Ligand code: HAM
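This document opens with one chain alone, in structure tokens, the form predicted on its own.
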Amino acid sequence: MKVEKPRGTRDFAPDEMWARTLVERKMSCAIENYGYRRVSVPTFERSELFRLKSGEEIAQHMYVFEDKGGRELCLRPEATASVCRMFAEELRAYQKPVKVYYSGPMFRYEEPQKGRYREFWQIGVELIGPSGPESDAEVIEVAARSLKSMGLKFELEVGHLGILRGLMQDLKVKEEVQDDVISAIDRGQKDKAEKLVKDKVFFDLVELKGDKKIIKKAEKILKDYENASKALGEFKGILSYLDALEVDYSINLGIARGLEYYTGMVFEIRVEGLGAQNQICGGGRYDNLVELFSGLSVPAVGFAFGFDRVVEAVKEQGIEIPKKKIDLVVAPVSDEVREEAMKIASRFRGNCSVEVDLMNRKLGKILEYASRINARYTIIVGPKELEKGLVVLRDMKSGTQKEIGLNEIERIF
């Protein structure tokens, strides 16, 4: 019987997995340089965790199931809510700020297409505790620095949902309607948003995009709106820190973000070459989410990379990823020295990557194999050489070889 992988999932062959591992290592290193530490959360959670504030769209696409105890669970569709739940249960006694990051698969039942899968990977960062503009700026810088560590070219847009929500408060738009407006803007459904908010001033604000010059335009639009003007002042403070950190950005006051828990600064990062699925990062401030799970009012800010799209962008932009290399291949020339060859391979594995022939190939075939996998050297183990305490070390690039003692080889590695 032929059994195929489920739709919307992928297998990763060794070469692809090696490339993904290298990209993840570089990005993780960049994140850890800011003091963030890695955490892990469950692959499945109680479904109400995400129904509370992750938004209608995510709730509709969750993989929901009932366990044998009758509890409704779901595969995690994102991880920010899980980290907030973890903070409430496990981390509230930690010294603040709590700086954590995660990496792993998420699951959403969506229509598979290029750049969109039902099982997809994210790398995310969460900063819990501080509320000032410098913390927002740091999180944005972490995202930008992580992509720069890979040599990626990208465009960063920054907005502030607090300005939009503040203006809706000033316009007396009910709180339960505000989430629908934000969702409609995020989906590009302007007609729907216009039915919910009648005032033109709101859409004049949403359409503001560009460099810092648009702040003056925003100030003019919002001069009579107290809550929105206050949020705009907070946004200016964040931009000031980004300028000091020399982070390149543009302003887009129409960034809405589909997740309902965002309350303040929001940002998105896009790259060329991925078509409609060119957004590889999104995040922002969510000051009320921890309180849902703990009753404690704790501000927080974070983001998540669409890791699959990051890897695809690396390929599209022609960034070279070094191939996996083997330092040594140990080649026994006959069965009588095969046991000794295994011992030699084991001896060097503490210092470098080593393969020993396991296919009982002839020497010529072993050398061909070593060449194909880009091995640096081959150790040829023969009975005559072993009697003298020697092996033959072959340089696979130059093709030169010489008899050498094993102790001398150890000095190479």
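Don't overthink the numbering: it's just position in the shown sequence, from 1. Computed from a predicted model, the values in this text were never measured in an experiment.
One more form of this protein, predicted together with the named molecule, exists but is not displayed; see below.
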### Message
The chain here is shown without the named molecule. Which stretch in 215-223, 168-176, 238-246, 276-284 comes within 4.5 angstroms of it in the model of the complex, by heavy atom distance?
### Response
276-284
### Message
Residue-level question: is G115 within 4.5 Å of the named molecule in the model of the complex, judged on heavy atoms?
### Response
yes
#### Entry: Contact test in the model of the complex: S146 vs the named molecule, heavy atoms, 4.5 Å
no
### Query
Is there any non-hydrogen atom of E126 lying within 4.5 Å of the named molecule in the model of the complex?
yes
### Message
Given that the named molecule is not shown alongside this chain, does R76 nevertheless sit within 4.5 Å of it in the model of the complex, heavy atom to heavy atom?
### Response
no
### Task
May I ask whether E110, Q122 and F303 all come within 4.5 angstroms of the named molecule in the model of the complex, judged by heavy atoms?
yes
### Message
Going by heavy atom distances of 4.5 angstroms or less, which of Y102, F154, F87, F202 would be at the interface with the named molecule in the model of the complex?
### Response
Y102
